[in-house]
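One chain comes next, on its own, written out as structure tokens in the form predicted alone.
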Amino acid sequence: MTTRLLLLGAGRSASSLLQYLLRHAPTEKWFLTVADVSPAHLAPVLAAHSEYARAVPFSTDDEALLEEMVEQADIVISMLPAPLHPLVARACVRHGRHLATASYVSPEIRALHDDATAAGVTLLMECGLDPGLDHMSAMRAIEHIRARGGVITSFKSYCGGLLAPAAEENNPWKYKFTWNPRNVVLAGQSTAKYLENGHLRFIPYQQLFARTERLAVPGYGEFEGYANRDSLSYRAPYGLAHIPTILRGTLRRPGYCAAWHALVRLGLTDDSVNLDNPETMTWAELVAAYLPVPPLPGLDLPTRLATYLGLEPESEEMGRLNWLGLFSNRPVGHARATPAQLLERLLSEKWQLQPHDHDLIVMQHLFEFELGGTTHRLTSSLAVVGDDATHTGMAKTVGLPLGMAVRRLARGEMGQRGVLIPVGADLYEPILNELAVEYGIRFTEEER
């Protein structure tokens, strides 16, 4: 009997997922429908798989077509933008179809738990990289510590999608986009919450990128991490309700956060106000419009900005801002935009992954636990380098865990229904094992 899979969205992060599904479709008896807004780019990929795969055009505005496609599927895999997942999830519940995604459980999705359970439907969320592999690898380590009788007192987890060292050359930010640019520009725009030594800690957005922690990953050097929005919500799923210290964060190369902090202070990450600007406005004019009238005549724009931000004109932060072109006469190219939209437009060109570039995924868990009257420290690290600008490390680490989860869902190996995340050993153990054996994606651990 054929299992009908429906993949919604086939953008840059879906390449490895699509490869995995096509690889296993003949033996698993799957028929895959890939629905994308521009399916023409899929023709070369699907040409050799026409017996068990097809591509169809699909717009998220066409709710009638969505209903029809969901009804005709057995399992829906959504790689659409996260705000669209509630729409897809509701259709899956109505038609009794399973759903798998790599995105966070939103309040709208969580509210579907009882209805999905009653309908016999699994809504598997957070099954990509972060969230996804972070849950699986953390839970494996947590369970191993508990099995030894250890009591975990501190858990910090960081993840970042970055550049492999060779691709960092001539880029002082040492960063390019391997994920949704808008999500990067708007990252952290709420108060971060975490626990430290039993005390509740808050970091407002205005200070988020000024309060970082240094980490080292074997073979890949140093990184800096800033706190994610809400680390507290992971205590319950991880069984760490009484842990004194818990923090989840994002990794960047040293120097990135200080320069991004300057953009935040200037106001260029604000997405709440329309500037009513002409598209011919230059970047120099935009930056100047944010600065007070200079107290002394004759100061150039970079010096005025450095003075305003309390930076040295020759500082590394100012060098990174200059490299972006903030002081140039280049038009912003977007009329009536928010500052964040203008910044995203600029960065999408400056931080575009080139065909020869290789990205780097880095994840690190830092545990402290009490065992036998002494404090132990366990560091679990993952580094994955992409093959090229299409088959990126990001695409691998997002798409492969999701594809592996779909494979087990299609085989009937997941009995739980309702809204789930991959924190159970019956799901994360086979996925982590398959990633290690078949793809060489494995965590290395060091305990002291």
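C-alpha atoms forming the largest set that superposes within 1.5 Å between two forms make up the rigid core. The numbering used is simple: start at 1 and walk along the sequence shown. Small disclaimer: the values here were computed from a predicted structure and weren't measured.
Separately, the form predicted together with another copy of the chain exists; it is not shown, and the next lines address it.
> Is it true that 211, 229 and 281 each have at least one non-hydrogen atom within 4.5 Å of another copy of the chain in the model of the complex?
Yes: each residue has a heavy atom within 4.5 Å of the partner.
> Based on heavy atom distances of at most 4.5 Å to another copy of the chain in the model of the complex, which listed stretch, 353-361, 374-382, 286-294, 100-108, is the contact stretch?
The contacting stretch here is 286-294.
> Evaluate residue 90 for contact with another copy of the chain in the model of the complex, applying a 4.5 angstroms cut-off between non-hydrogen atoms, and reply yes or no.
Result no; residue 90 lies far from another copy of the chain in the model of the complex.
> Just to confirm, residue 270 within 4.5 Å of another copy of the chain in the model of the complex by heavy atoms?
Taking the distances in the model of the complex, the answer for residue 270 is yes, it comes within 4.5 Å of another copy of the chain.
> Residue 177 versus another copy of the chain, in the model of the complex: is there a non-hydrogen atom within 4.5 Å?
Output for residue 177 is no: heavy atoms all beyond 4.5 Å of another copy of the chain.
> So in the model of the complex, does any heavy atom of residue 204 sit within 4.5 Å of another copy of the chain?
Residue-level check for residue 204: yes, a contact with another copy of the chain.
> Can you pick out, from 275, 215, 187, 145, the residue that has a heavy atom within 4.5 Å of another copy of the chain in the model of the complex?
Contact check passes for 275.
> Please pick, from 348, 322, 191, 303, the one residue with any non-hydrogen atom lying within 4.5 angstroms of another copy of the chain in the model of the complex.
Checked against the cut-off, the match is 191.
> Cα of residue 219 displaced 2 Å or more between this form and the one not shown, core superposed?
After core superposition, the displacement of the residue 219 C-alpha between this form and the one not shown stays below 2 Å, so no.
> For residue 285, state whether the C-alpha moves by 2 Å or more between this form and the one not shown after rigid core superposition.
Yes, the C-alpha position differs by at least 2 Å between this form and the one not shown.
> Would you say residue 373 moves its Cα by 2 Å or more between this form and the one not shown, aligning on the core?
No, the C-alpha moves less than 2 Å.
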